[in-house]
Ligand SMILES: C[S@@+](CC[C@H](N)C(=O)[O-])C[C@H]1O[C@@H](n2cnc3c(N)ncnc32)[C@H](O)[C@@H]1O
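Read the single chain below, which is given as structure tokens and is the form predicted on its own.
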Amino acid sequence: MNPITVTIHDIARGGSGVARLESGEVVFVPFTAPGDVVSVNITEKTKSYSHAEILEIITPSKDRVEPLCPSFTKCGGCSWQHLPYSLQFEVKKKGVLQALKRAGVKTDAIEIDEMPAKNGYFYRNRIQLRGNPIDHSLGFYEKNSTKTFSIEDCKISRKEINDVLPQIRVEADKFTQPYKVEVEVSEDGKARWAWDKKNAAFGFRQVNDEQNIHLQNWVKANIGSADLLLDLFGGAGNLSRPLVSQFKEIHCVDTNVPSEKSIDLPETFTFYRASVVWWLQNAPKNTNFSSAVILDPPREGLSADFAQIEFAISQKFSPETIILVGCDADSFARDSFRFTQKGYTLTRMGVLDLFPQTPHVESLAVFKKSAIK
């Protein structure tokens, strides 16, 4: 197909720039900015839209900024280093609101707390590097590929990680087959690494410590007062641990809770290694305590389990407040709409950025019980 020239007028939630042909067809072009005039090659075509790749930036947008990383566009990680951070966050917020609107959730009268990242670079406390002894590469996968390329440092990783990369390269000489190394900054600020282990080898925690504090504080400020807290899909208790003084009992439920409870947690904090659906179905009906619920499901949201989870929560615990956390705008919007159909009122929202330089965004919602329709 012959090259075509397009003008980018918007940024899609998925990260690509958006152009529209005279025919009305939409074209998505990665690594572009609103106002760019670019020559592109169509790489994929459907009935209603196409994907394209840049051949040449004919006229750059006034909004373009210089990427900090020399591997930008080659690396499969960052996709927005060419955009100013203020525009990145605005696109993320707009994407969340668009998803909610399409799902049928009204947000016009809802207060929205905006929590952009203070630091757009050098924020990640954990990365996974791939190595290949054949070409002595140590770095990341190329975009849309499993081919590795070497890096000197990672511009979105913390200094502690970048400082130990030379030592890791030396240790990597022992390998004769392709390998993985996970590098993490521990909570006490020291770098550590693990070879060929499962993801989150040292235990899962959010990769952006600074923004995670904002997330925890937002939950704490909006969870309300009750006796009992259910932290469902709670993992290691990231969102409920800071609330131990606020509730008489906390039940943290997940299939991946810690194997041992840390000594700093009181007896009133209990981990349950179980699926959320199974645990709720087998939990006794709460008749003594007022309750609140945190729901932080995986990317697909509550999905097909929504009906069982909502029914058990409402019938057994009658929560005064539900906080829903979502890392995918569409599944978050779908679950939010379902809660409004079950007699819950959306009273407050938050948009929080854990991953600058990427399209990923955290969506937050507070639901209060209202009259059942």
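For every residue, the number given is its place in the sequence shown, counted from 1. The structure presented is a predicted model; accordingly, all values stated were derived computationally and were not measured.
Quick note: we don't show the form predicted together with the named molecule, though the next part is all about it.
Taken together, 129, 148 and 178 are entirely out of contact with the named molecule in the predicted bound form: none brings a heavy atom within 4.5 Å. The stretch in contact with the named molecule in the predicted bound form, judged by heavy atoms within 4.5 Å, is 231-239, chosen from 231-239, 83-91, 68-76, 150-158.
Residue in contact with the named molecule in the predicted bound form (any heavy atom within 4.5 Å), chosen from 217, 255, 107, 281: 255. 204 is the sole member of 195, 289, 204, 141 with a non-hydrogen atom within 4.5 Å of the named molecule in the predicted bound form.
At the 4.5 Å threshold, heavy atoms of residue 275 reach the named molecule in the predicted bound form. In the predicted bound form, at least one heavy atom of residue 297 sits within 4.5 Å of the named molecule.
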